[in-house]
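Just the one chain here, the form predicted on its own, laid out as structure tokens.
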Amino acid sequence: MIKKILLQLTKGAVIGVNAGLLISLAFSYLLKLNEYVPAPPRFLNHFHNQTNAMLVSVIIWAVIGGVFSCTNLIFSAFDWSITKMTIVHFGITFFLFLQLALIAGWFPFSLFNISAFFVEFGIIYSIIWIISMLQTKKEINKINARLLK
């Protein structure tokens, strides 16, 4: 199981870094900035130079990827109902992602911002969960059809 967790962590970190880089590039272009910025000014202001800010950004992106990748193991490692697995997965990913988003300076710490983040996270999580469930149902139907042949 440790080997599986380390593999998931590594794959998630690589995906997280790549996603973070692409998203930060997109925001730099969308905001029509003259230079690339890896994070919002409230985050960058904590560093003496942009290289250090970039390094910490990459670490945060890697941890975010690792969190989402490793928490997916909940769906295969436990003998729980899908409801319990989903609630536990949602809780863990929300709590850890919230901490990382605050550290990354994506929004200031306030009850309103945390509430808005919760709603946004919940909506995105629900959309991804519904798509995953529909894909799983489709795969199950294919397997059942093959078994009936």
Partner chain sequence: MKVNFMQNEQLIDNLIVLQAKQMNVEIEQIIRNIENKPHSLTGTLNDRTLSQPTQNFVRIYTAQKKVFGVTLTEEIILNSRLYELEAILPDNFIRISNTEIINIHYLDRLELTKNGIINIHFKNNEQTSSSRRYLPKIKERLL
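Residue numbers count along the first chain shown, from 1. None of these values were measured; they are calculated from a predicted model. Definition used throughout: the rigid core is the maximal C-alpha set that superposes within 1.5 Å between two forms.
Another form, the form predicted in complex with the partner chain, is not on view; read the next lines as being about it.
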Consider the chain as shown here, without its partner, and state which of Q99, N52, S115, T83 has a heavy atom within 4.5 Å of the partner chain in the predicted bound form. T83
Complete contact of T136, K142 and L147 with the partner chain in the predicted bound form (any heavy atom, 4.5 Å): yes
Any chance Y125 has a heavy atom within 4.5 Å of the partner chain in the predicted bound form? no
Hey, in the predicted bound form, does N18 get a heavy atom within 4.5 angstroms of the partner chain? no
For the stretch 109-123, return the residues whose heavy atoms include at least one within 4.5 Å of the partner chain in the predicted bound form, in the order they occur. none
When you overlay the rigid core, is the Cα of L6 off by 2 Å or more between this form and the one not shown? no
Could you tell me whether I128 and I87 have their C-alpha atoms closer or farther apart in the predicted bound form than in the shown form, knowing the shift is 3 angstroms or more? closer
